[in-house]
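Subsequent text provides structure tokens for two forms of one protein chain, presented individually as structure 1 and structure 2.
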Structure 1
């Protein structure tokens, strides 16, 4: 294949060359940046949470009966609820908790090693009971679960933290048994257990994997009481149907709202999912428009050179040679566009990261984008090029 003549021919129709180059470059830059944003959001959503999301039902019990204002009544009601939930067929574990993980609503706090003069480190924060580890499906990798005496203490002393948080607090990796404090050293806590991994309430929060479980009696009259119910595999729908009627049968002085954790998580990510849909739509339209543009310009270029093609065919060029000529031309122009596009991609990425939001460009995505652009270019050029190849030498030389 002779590249020289193609490049010299391109030099004679610079506009066409420049147009496709810019178009390919812009398309590459926009598409790769969009995909990069989508991938970032998708990654956020798909990050393992350490929680057995697929088998968990969450329940909020909002009391309205004034009886619940009595602490003892609330405590008993909570106990009765947990007992009831554990007794339902298909339930593997159930526990009361102060907030629902992944729901976008909860509490955070700050801790540091006891006596440290540094700033406290942020962590998600849940009051809960002994059944929490099983109800969440999180794995304890060191230490122990809460025991009954932990729960009944008026000031909670012993806490369980995630490994990510433990390692931040004690970079030497020896957090178990160590004491931690809040802003002031009164009421320190002891780390009695370490969880392999767990996400807290706010999936977008940079410290989402910092979680502290504190033994306690979660819930209040105004805030309501929340429960996590982990079902046996495949039982979630059957259990779900039982929860509201059974809990109201037990105590009618409240409203009960059940939702699967999967739905709660989907709600939290709703806006992100929508943005992904919109970005996807823009990408599809963009590739469509760009392909049409390449088809148009290649067609024009074929028409314009009917005469030349005829001449070449007449002096012995095969159809394949003509096809190859146009495909090669397209490849060269697309490649020039890609070269320029790589620069634009990083420029747009820089703009988005520094002035709006976004994620640093992943070079592998860019590589995939380049490959994609080559394919789109070749596909778009193929049909006009084929038309060019079919021009018979006779018609071509006859007129124009």
Structure 2
């Protein structure tokens, strides 16, 4: 089939075909970037956290008895709670902690090598006791765990950091035993252990794998005391049922709230799930509207060219020739839109990467989008074109 006559025919109806070209281009750009954003969110949700999420229960003790205002009473209550939780059947480890990982709530700070003039590097940090590593299910790959003497009133602490954070602080890989400071060199901390991998409180944070564990006595009367209970595989439901009554039996001067870490993580990602659903709806709507536009333009072209179709049929054109003509016309218009859309797609992705913390797009995703738009365009044009191909020469001639 000759392309020239089709191009000339399109030139006589520039406006409507230009509009469809722009519509296809915008749809390609928006859809591909939406899918790219959705894929990034899904990867963030599914990436390993280094924590034994499926076997951890979190507990918050909310004290209301005035006795908890006394530091000694609070310390003794915390110790008693940890001993109780560790003694429950099915419990593998338990420890108090200042914030719940993956919860979207916690504390962060910044550190740099002692004496460095560089800017501090951000990290999430948790105050916790000796049993934190077992309670989290994280793996120590260098150095040591906390010991009782680490939990003291000194402002300088022995800390455990993740490998990702250690490598950023000391790119030579020799972080163990080194000292780190905040903005000032006062009260430096010493790195005594390095974790293989762990995520902090905010799963969507760019520095989520920068984590610092600090030995301490977490909790207060105003903010409550948080605990992590790591259960044996398959025992999480049985342990969950025991926690609240046993803790209240031990000390009824507080309220107790328990939740699985998996549920907390799901709640944290609830906003992302809603965004994914919204973006999916936008994609479906855009494709539907673009398809309707192509159907409308092709139908109008068929109606407008009834005489032309009749003439071609009268001189021997087959139904297949008419069908091919309109399908080729649509393919040319769609391809022009795709070509423009490729430029728009990369431009939009550039803006998202540089101004909205987006992710650089994989060219394979764009290739899939191009193929998808060709398929959508051809499917949308097929039935109006088929209707045109079925017009008989006699009917077309009488319609003049």
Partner chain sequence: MLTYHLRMAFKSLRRTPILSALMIGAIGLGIGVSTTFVTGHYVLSLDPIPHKSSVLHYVEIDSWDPNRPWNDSEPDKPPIQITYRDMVGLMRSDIPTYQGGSFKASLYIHPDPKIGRPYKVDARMCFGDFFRLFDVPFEYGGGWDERSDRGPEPVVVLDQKTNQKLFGAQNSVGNLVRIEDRDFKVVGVLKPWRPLPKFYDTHNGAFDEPESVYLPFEFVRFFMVRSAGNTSCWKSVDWDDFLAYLDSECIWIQFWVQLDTPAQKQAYNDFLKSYVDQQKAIGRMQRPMNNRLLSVMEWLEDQEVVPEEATSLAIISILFLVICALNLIGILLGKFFARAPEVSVRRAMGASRASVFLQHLIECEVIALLGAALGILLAMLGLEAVNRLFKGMSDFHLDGNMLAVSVLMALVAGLISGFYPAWRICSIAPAVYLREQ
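In this text the structure is predicted, and so the values were computed from the model without any measurement. Positions refer to the first chain, counted from 1. For clarity, a rigid core is taken as the largest C-alpha set superposing within 1.5 Å between two forms.
- Assignment of forms: the chain in structure 1 is the form predicted in complex with the partner chain, the chain in structure 2 is not.
- Considering the chain as two rigid segments that shift between structures 1 and 2, residue 294 sits in a different segment from residue 236, judged by which superposition fits each C-alpha better.
- Each of the two rigid parts keeps its shape between structures 1 and 2, while the smaller one turns against the larger by 17°, per C-alpha superposition.
- Comparing between structures 1 and 2 on a rigid core frame, one finds that residue 284 has its C-alpha moved by 5.1 Å.
- Once the two forms are overlaid on the core, residue 381 shows a Cα shift of 8.6 Å between structures 1 and 2.
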